[in-house]
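First, one chain by itself in structure tokens, the form predicted alone.
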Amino acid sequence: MEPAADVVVVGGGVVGASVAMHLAARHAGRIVLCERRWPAAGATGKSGALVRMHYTNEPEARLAFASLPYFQHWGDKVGAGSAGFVPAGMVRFVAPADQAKLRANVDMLRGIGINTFLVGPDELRRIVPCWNVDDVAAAAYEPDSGFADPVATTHGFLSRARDLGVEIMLGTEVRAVRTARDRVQGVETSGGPIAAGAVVLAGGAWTVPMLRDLGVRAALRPMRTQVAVFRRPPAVEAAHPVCIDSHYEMWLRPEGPHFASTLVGISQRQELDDLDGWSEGVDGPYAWRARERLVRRIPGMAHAPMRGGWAGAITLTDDGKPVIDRHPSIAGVWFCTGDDGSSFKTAPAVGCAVAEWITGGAPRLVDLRPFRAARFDEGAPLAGAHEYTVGEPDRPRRIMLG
């Protein structure tokens, strides 16, 4: 007889780990998490792991705001391991033409309850004394934001999930979702079938083929994205806040031992046709472009030695926003996809809300309706009233991929 579970979670990244832990905390029965390789092997392990609230749309901002207490109070909210959260603060720069939009978005975020406010050049020079802010009339600042350790965060969720009785099956690839009479029956794995009354697909780019087989109509495009790391010289050695800079289409965060390096991500993507045959290292031309943009904002980094970099696989949607939904016609199937390189910071709230949905019939922590897959067929993409011209650099707002 094949093994049975009440819920199978597919994917051992931060979202899948959060879903599994929250399901167990809500006494959802026997829960099995299947991961094809190891924890945080996909997009999570390559994430910049920014923890910030600044979005141009309210639904994502609410997800991030509901997730922040997990990072701030990990021991109380999770109770195992550590997220490695560093409250370094976050600075948000926009192009000069988007200053009015920045102000409008700060007002929207403050209305939610987020601690954010505008700062001018003089205050910016106190926050980031080595940065060039001559081109900045005002920036948004979030003192409560920062960054975390994506691998430690995932292991923390998994450790607590295991304590609560979740079976974690590493090296177990889910190859298909089994259905019959418009209801899920379980999954086929590399180790054999597992019967289940519910399945949550949270495996990043690697679950896109399964979602297509299930008829999910959202356009999902696996993409390769990169980051480069530069060691700050003594003149700019002090740690700095997280930064999202759409004027120069990049994002920054401290990285490495004693946080003496800076990690740089720029808005460059490569479509992936083969999910198993791409390089996980950073490309030389990318590193040079990243350095060029970094030096515009931090001139003292002109002679900073490169210390490495990496590449990860993310999934883009047509509107650059996640899809979090249940299948419209196959009962028992839920999916979290289209992470767009920006779902680390919202994973705690996503896991909680999806677990509420499965066990209680509806999410209560946050409203997930704006993230429904049907929004694309409805001609109702998720967008804020004041989107920036260039878009968010760790997730450009408009990339034409065919």
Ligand SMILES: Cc1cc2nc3c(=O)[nH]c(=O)nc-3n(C[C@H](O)[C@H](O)[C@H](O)COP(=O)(O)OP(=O)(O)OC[C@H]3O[C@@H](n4cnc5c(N)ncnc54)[C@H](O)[C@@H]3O)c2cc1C
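Start at 1 with the first residue shown and count on from there. Nothing here was measured: the structure is a model prediction, and the numbers come from that model.
The following text describes the form predicted in complex with this ligand, which does not appear among the structures shown.
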Item to complete: Select, from the options 323 to 331, 169 to 177, 191 to 199, 299 to 307, the stretch whose residues sit within 4.5 angstroms of this ligand in the predicted bound form by heavy atom distance.
Response: 169 to 177
Worksheet, complete the sentence: Checked R375, H54, R62, K46 for heavy atoms within 4.5 Å of this ligand in the predicted bound form; positive is K46
Item to complete: Give a yes or no on whether every one of E35, G312 and G341 sits within 4.5 angstroms of this ligand in the predicted bound form by heavy atom.
Response: yes
Discussion item. Is P348 near this ligand? Define near as a heavy atom within 4.5 Å, in the predicted bound form.
Written reply: no
Worksheet item: Taking the shortest heavy atom distance, is G156 within 4.5 Å of this ligand in the predicted bound form?
Response: no
Practice prompt. Spell out, yes or no, whether the shortest heavy atom distance between W251 and this ligand in the predicted bound form is within 4.5 Å.
Written response: yes
Fill in: Contact flag, M21 vs this ligand in the predicted bound form, heavy atom cut 4.5 Å
no
Fill in: Residues in 8 to 25 close to this ligand in the predicted bound form, defined by a heavy atom within 4.5 Å, in order
V10, G11, G12, G13, V14, V15, G16
